[in-house]
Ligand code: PXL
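Shown below, as structure tokens, is a lone chain in the form predicted on its own; questions about how it binds or moves come after it.
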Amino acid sequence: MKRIATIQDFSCVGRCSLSVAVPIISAAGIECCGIPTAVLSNHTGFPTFYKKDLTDELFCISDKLSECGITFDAVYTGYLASAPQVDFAEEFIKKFRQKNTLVIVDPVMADDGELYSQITPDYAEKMRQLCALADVITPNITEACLLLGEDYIENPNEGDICTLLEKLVKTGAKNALITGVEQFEQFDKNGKIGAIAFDGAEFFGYFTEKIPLRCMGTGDIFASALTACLVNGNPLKTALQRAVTFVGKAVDCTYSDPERRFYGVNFESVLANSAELLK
């Protein structure tokens, strides 16, 4: 059985980070090994939450895994709450990466032109260094601009997106894709939402119906589904299509259940019937 190490936080209540990655990757028939950077009582969208930072424990965990001779088919990083945690992720990748180990970095740090709370000014530079080690990176538009040290593009056109992707690949990542992209004539998908990727030679995108709903965790679901598809041997173009499709199904299910939206995307309701998308 293939094995993925994913480095991100865990919320006891609320669908995001490890509470999303573990079930999705497991449903794909892959062992999912969570490296928890923090434990939260509930996700940060609630009015209040308790958080226990685990930065001081991370290197001890890594050392013991290495001592046990454990190997991974992929390392996938999600939200990292501080610059020291980004440093840890970089060291973890260098320690456990073998010839065929995939590295997927979701540089979770901003949206809508704004950094998330608790993200320090030096964080983007640290994340840039981490992304340079990746086989695939999955920023949104805000994160792509931050990684490149450029001003946020509020209403990017398809030319802007493609230029960002070309620049991202030049920074070291083998493949780059930008999520949350919508209304691009070049891809004939007006009124839909999805992602566009660049593999160093070709641009390709995939879109699904845009549903008027916004809730936490869509990026985590997408990155987890994409990672599972890639580790199961699918090419990036196929993995992108399947991940977008899976997120679309989950968001559509969530839209019909307004009382549950606050907790995140209701992916569990579609996971059993859509697990084949991840294989």
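All residue numbers are counted from 1 along the displayed sequence. Predicted, not measured: the structure shown is a model, and the values here were computed from it.
Here the subject shifts to the form predicted in complex with the ligand, a form of this protein not shown in this document.
- This chain is drawn without the ligand; in the predicted bound form, the residue among L40, L236, L58, A27 with a heavy atom within 4.5 Å of it is L40.
- Stretch-level contact analysis of 224-232, 43-51, 58-66, 245-253 against the ligand in the predicted bound form, using heavy atoms and a 4.5 Å limit, identifies 43-51.
- At the 4.5 Å threshold, heavy atoms of A176 stay clear of the ligand in the predicted bound form, well away from it.
- Proximity of V108 to the ligand in the predicted bound form falls within the 4.5 Å heavy atom cutoff.
- Within this chain, Y79 lines the site of the ligand in the predicted bound form, having a heavy atom no more than 4.5 Å away.
- In the predicted bound form, the ligand sits beyond 4.5 Å of every heavy atom of F204.
- Looking at 1-20, the residues that come within 4.5 Å of the ligand in the predicted bound form, counting any heavy atom, are D9, S11, C16, S17.
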